[in-house]
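This document starts with one chain, in the form predicted alone, laid out as structure tokens.
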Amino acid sequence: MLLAMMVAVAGGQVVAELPDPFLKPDGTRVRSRREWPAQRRRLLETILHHQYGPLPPKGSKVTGDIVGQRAAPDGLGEVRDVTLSMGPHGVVKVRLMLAIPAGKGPFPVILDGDLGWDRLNDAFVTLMLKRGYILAAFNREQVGPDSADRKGVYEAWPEYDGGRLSAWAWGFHRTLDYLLTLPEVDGKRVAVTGHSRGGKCALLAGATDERIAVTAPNNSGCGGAGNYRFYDDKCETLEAIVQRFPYWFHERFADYVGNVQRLPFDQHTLKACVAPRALLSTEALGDLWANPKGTQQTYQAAKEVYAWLGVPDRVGIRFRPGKHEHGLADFETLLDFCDVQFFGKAVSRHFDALAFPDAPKVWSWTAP
């Protein structure tokens, strides 16, 4: 077991292990479940301040204009092409693809922000509709470009200084605003997902919006479901991600390059902020850059919080062979997890199998 190393240094404390999510700013610890909502807010404030930056303001009411409509394959439902207007006076325009099952709803929803990658073809639509789920996919790169260009929300609010992951998480929230106006949508059964950088912002979206019932990042790695402190030499590091994609984060995050042990949290902390709502990480054993072992460690550490809250079965992880991708098999895993969480169905799949049973426990704290 790795003991915590807490040494006062200029600008903060060195914490060699995964930091204690039950620790309050005054040095005392949370003692009861009723303190968790306040602790969760404190943790999110810290994470947003140091890593991602704030989310944009809510802005005006989100509206949607249907600009195209077609029948889904095999008569399973319909597919709509919608233009969303969000932000101040609706100036941010975002494309939404909405596949809705035939029959009487309301239906549970899988909300994905990766529409701009043009990979959610009719095979994905068919899978979702056959399982009785709405597939809602928006183009997060219209919320804010995947570059240093200050367009989208950055034009709408020129003083806004949050990174792209915060802006994209806001895009999930605003798209959900629109979905909740539709009679076909079951607002109590909404899951968010995304792949890679899309998984990073999906995790942040789920942690910062309690309307989201299931949060499911896929292969999200560094800045997502992985961790910063513990990794192998083939994994992406804090230094690497900040050097290559500084605009994903707030500029303050660069202060931790070469000083990761002074970071007052790690990604298990963000996962814990989803609790007590459901969380699933889907990972690929061949995706070493995304730190699958470190992702298992954050899952195990976050599960301490879930168990303390009395909901250990609401957090899961699933490893598959293969590479960095978000394929039909990953969506089938997510749908099974949602069937369990939303409807209490029995499924053959397990969501607690560890791919690295000998991975060290990298924290010494325990639940109160």
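If you're wondering where the values come from, they're calculated on a predicted model, not measured in any experiment. Residue positions are given as counts along the sequence shown, with the first one as 1.
Here the subject shifts to the form predicted in complex with a small molecule, a form of this protein not shown in this document.
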Check your understanding: When the small molecule is placed as it is in the predicted bound form, which of 87-95, 172-180, 244-252, 261-269 ends up with heavy atoms within 4.5 Å of it?
Key -> 244-252
Practice item. Give a yes or no for Ser196: in the predicted bound form, does one of its heavy atoms lie within 4.5 Å of a heavy atom belonging to the small molecule? Key: yes
Check your understanding: Can Trp157 be called a contact residue for the small molecule in the predicted bound form at 4.5 Å between heavy atoms?
Key -> no
Practice item. Please check if Glu236 has a heavy atom lying within 4.5 Å of any heavy atom of the small molecule in the predicted bound form. Key: yes
Review point. Is His324 close enough to the small molecule in the predicted bound form to count, meaning some heavy atom within 4.5 Å?
Key: yes
